[in-house]
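To begin, one chain is listed below as structure tokens, in the form predicted on its own.
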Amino acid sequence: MTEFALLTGQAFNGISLASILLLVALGLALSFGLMGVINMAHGELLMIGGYLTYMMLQVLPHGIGYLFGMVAAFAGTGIFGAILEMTLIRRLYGRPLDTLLATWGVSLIMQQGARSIFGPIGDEVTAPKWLTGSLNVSSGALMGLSLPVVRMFIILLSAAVFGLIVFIILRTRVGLLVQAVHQDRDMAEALGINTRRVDLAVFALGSAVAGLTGSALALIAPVTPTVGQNYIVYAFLVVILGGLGSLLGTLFAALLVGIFSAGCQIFTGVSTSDVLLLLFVIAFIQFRPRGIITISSRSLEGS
């Protein structure tokens, strides 16, 4: 493998990691950034999506089973998120520490429930044939470069989901209501907007995206009761680094974190790169405490 191919491959790894972090962080960007809810059970929503995909593949052929698994993960996790919002989260708005503790308890219950149902050992999701293999370069400056098809699929999925959410927020009536509630909840209520329905829709959408993310992650790693814990810290870092309430900032932050981590791993191990990443985020926040992109909002100013 040539040196240029090595650097290109590592850049691809960085973009691939960034796409995963973006998918994981999008749900948090909606619930944490737009609603002020610290959802420590967000990682377990990924777990639900992965297990729903796994169960769907047990009853359907693998050629189309995965596509139905993605739909089941998106819809099932969205419904679960809606139930969680109506029964618990709704009672804790404006109390971030209480939501942190309550959702942390929910995450522990969900992890133990998954262990009881599926066992502590991970369950593997077999990728369909159209997602297997790699794109290999056998000549030229990129000779020796190998790009896994499944990774390219996750990158495209991440871009599609991000574009869809941006379209919903900026170009639909639901998005207009979300922006109004985010900017000034009291004024939105005075104008007759049902803020409870808006909160429910936002939290359900964020949960559904998390479930879809879990379905995608199941292609590259076994689904375990603690699979979400591997990504939740990185997701919070991306949301905070990007700026609360900013989807574009979340995109830039995911790219920054992914490429920074992949670049560090050329010279160091994974553990050392994680330490360097944390130091980088701390240093960055010292200069831009409100993230890459700052959004003015009465709700954020009052929090």
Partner chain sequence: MARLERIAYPAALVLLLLAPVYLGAYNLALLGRFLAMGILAMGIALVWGHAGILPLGQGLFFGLGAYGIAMHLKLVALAPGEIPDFMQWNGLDALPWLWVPFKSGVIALVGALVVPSALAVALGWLLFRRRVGGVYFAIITQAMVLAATTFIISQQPYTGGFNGLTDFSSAFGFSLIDQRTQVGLYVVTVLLLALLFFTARWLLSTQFGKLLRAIRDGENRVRFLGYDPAPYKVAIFAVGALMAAIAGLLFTLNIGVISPAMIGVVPSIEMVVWVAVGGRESLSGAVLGTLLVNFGKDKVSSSFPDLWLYLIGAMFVLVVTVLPEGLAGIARLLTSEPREESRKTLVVPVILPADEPAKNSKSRSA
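Note that the structure is a prediction, hence the values are computed from the model and not measured. Positions refer to the first chain, counted from 1.
Another form exists, predicted together with the partner chain; not displayed. Remarks below refer to it.
Can any non-hydrogen atom of Thr172 be found within 4.5 angstroms of the partner chain in the predicted bound form? Heavy-atom contact with the partner chain at 4.5 Å: absent for Thr172.
Hey, in the predicted bound form, does Ala102 get a heavy atom within 4.5 angstroms of the partner chain? Contact with the partner chain, yes.
Contact of Ala11 with the partner chain in the predicted bound form (heavy atom, 4.5 Å): Heavy-atom contact with the partner chain at 4.5 Å: absent for Ala11.
In the predicted bound form, is there a heavy atom of the partner chain that lies within 4.5 Å of any heavy atom of Ser116, even though the partner is absent here? Because a heavy atom of Ser116 falls inside 4.5 Å of the partner chain in the predicted bound form, the answer is yes.
The unique member of Leu97, Leu176, Ala141, Ala190 whose heavy atoms fall within 4.5 Å of the partner chain in the predicted bound form: Of Leu97, Leu176, Ala141, Ala190, the residue with a heavy atom within 4.5 Å of the partner chain in the predicted bound form is Leu97.
Can you work out whether the partner chain is within 4.5 angstroms of a heavy atom in all three of Phe162, Ala180 and Asn194 in the predicted bound form? Contact check failed for every one of Phe162, Ala180 and Asn194.
Location of the partner chain contact in the predicted bound form, chosen stretch of 85 to 93, 68 to 76, 198 to 206, 152 to 160 [non-hydrogen atom, 4.5 Å]: Selected stretch: 85 to 93.
Pull the contact list for 167 to 181: residues with a heavy atom within 4.5 Å of the partner chain in the predicted bound form, in sequence order. Stretch hits: zero.
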